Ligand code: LMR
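Taking the form predicted on its own, here's one chain by itself in structure tokens.
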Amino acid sequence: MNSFSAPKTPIRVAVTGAAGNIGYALLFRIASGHMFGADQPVALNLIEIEPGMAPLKGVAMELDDCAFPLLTEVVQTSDSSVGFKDVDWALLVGSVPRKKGMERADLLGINGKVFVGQGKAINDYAKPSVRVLVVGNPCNTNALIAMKSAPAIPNTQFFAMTRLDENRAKTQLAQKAGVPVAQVTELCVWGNHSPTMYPDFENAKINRSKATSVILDESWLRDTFVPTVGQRGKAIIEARGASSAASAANAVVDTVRDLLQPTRGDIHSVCVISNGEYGTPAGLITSLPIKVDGAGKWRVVGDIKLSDYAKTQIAASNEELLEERKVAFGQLGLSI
């Protein structure tokens, strides 16, 4: 007798900035099953600003031409009420990039208004169980703004991305040690997704040994490794004339996949709402080490020992986040 199982309900995913470089690199990974699994159907809600709708049509045509078996529907829209309708995941990729002569405060104000609107639309139209991952920079503060604008959605369902920084850090350590990148584990990136982030080499492991016992050059770790990770995005822009796209999209896939699967033997760097863990100011969205249980619930790992050096680095990054929140919330009239 043949067994029969009913087809799975498609997971509906909204992607903002869908015609941009990161969105373009990301969509085909989602539709082909890399994010949710080889047997999980997906429906894509592609959201763009009005000038981006013509390029978006071309992206949708390419998705059609791939004939992905898992892709059940593609919605193209510039209307947030349509784009976030009944979505399970909202991947907020699109944001205004920092341009020449623009101060960080200017960027916070411009993008802040965008993420207020997106947060409200998610609050009003998405599923109550929706999970929101912010990629558009400054992603930590943008995620906080969206969260504050969506009071009906639990704070624990909002995330910002530092997995790209974690991936970058692991590769730097692996190359220095002369080992495959898979041998680098338990590396957390703390704080803000900015040059102040702290990639924690002191607690990282290489082939199950402490990284500092494999790489003995402490001056390289502090003075080369840490700033290299923090400035990697800038270095890529200088090298290729454009910001990271494929690696950022890959990190989105990594982040979502690892938020859905039980964590086995490692930790993940994700920006989440802080409840004061490790002395981090409560109420910020900051990068912390997390694990996920079998029910898909995440928790901050609570037993990591931090040196005074690490505490100083993490505190400086969180001070930057406090200042970002003060500036952005002041401009937007949001209460802390």
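For clarity, every value in this text was computed on a predicted model and none was experimentally measured. Don't overthink the numbering: it's just position in the shown sequence, from 1.
Beyond the structure shown, there is the form predicted together with this ligand, which is absent from this document and is the topic of what follows.
Participant: Using heavy atoms and a 4.5 Å limit, would one call residue 110 a contact residue for this ligand in the predicted bound form?
Facilitator: Although this ligand is absent here, residue 110 would stay clear of it in the predicted bound form, with no heavy atoms inside 4.5 Å.
Participant: Report yes if any heavy atom of residue 237 sits within 4.5 Å of a heavy atom of this ligand in the predicted bound form; otherwise report no.
Facilitator: Looking in the predicted bound form, residue contacts with this ligand include residue 237, since a heavy atom lies within 4.5 Å.
Participant: Using 4.5 Å between non-hydrogen atoms, is residue 80 touching this ligand in the predicted bound form?
Facilitator: Residue 80 lies outside the contact set for this ligand.
Participant: So, residue 149 and this ligand: in the predicted bound form, are they within 4.5 Å at any heavy atom pair?
Facilitator: Residue-level check for residue 149: no, no contact with this ligand.
Participant: In the predicted bound form, which of the listed residues (250, 172, 157, 244) lies with a heavy atom within 4.5 Å of this ligand?
Facilitator: Looking at the other structure, the residue within range turns out to be 244.
Participant: Quick one: from 114, 221, 256, 164, grab the residue that has a heavy atom within 4.5 Å of this ligand in the predicted bound form.
Facilitator: After the contact test, the surviving option is 164.
Participant: Any idea which of 229-237, 115-123, 71-79, 212-220 reaches within 4.5 Å of this ligand in the predicted bound form, heavy atoms considered?
Facilitator: Within 4.5 Å of the partner lies stretch 229-237.
Participant: So which residues in 66-86, when you check this ligand in the predicted bound form, have a heavy atom no farther than 4.5 Å from it?
Facilitator: Going through 66-86 in order - heavy atoms within 4.5 Å of this ligand in the predicted bound form - there are no hits.
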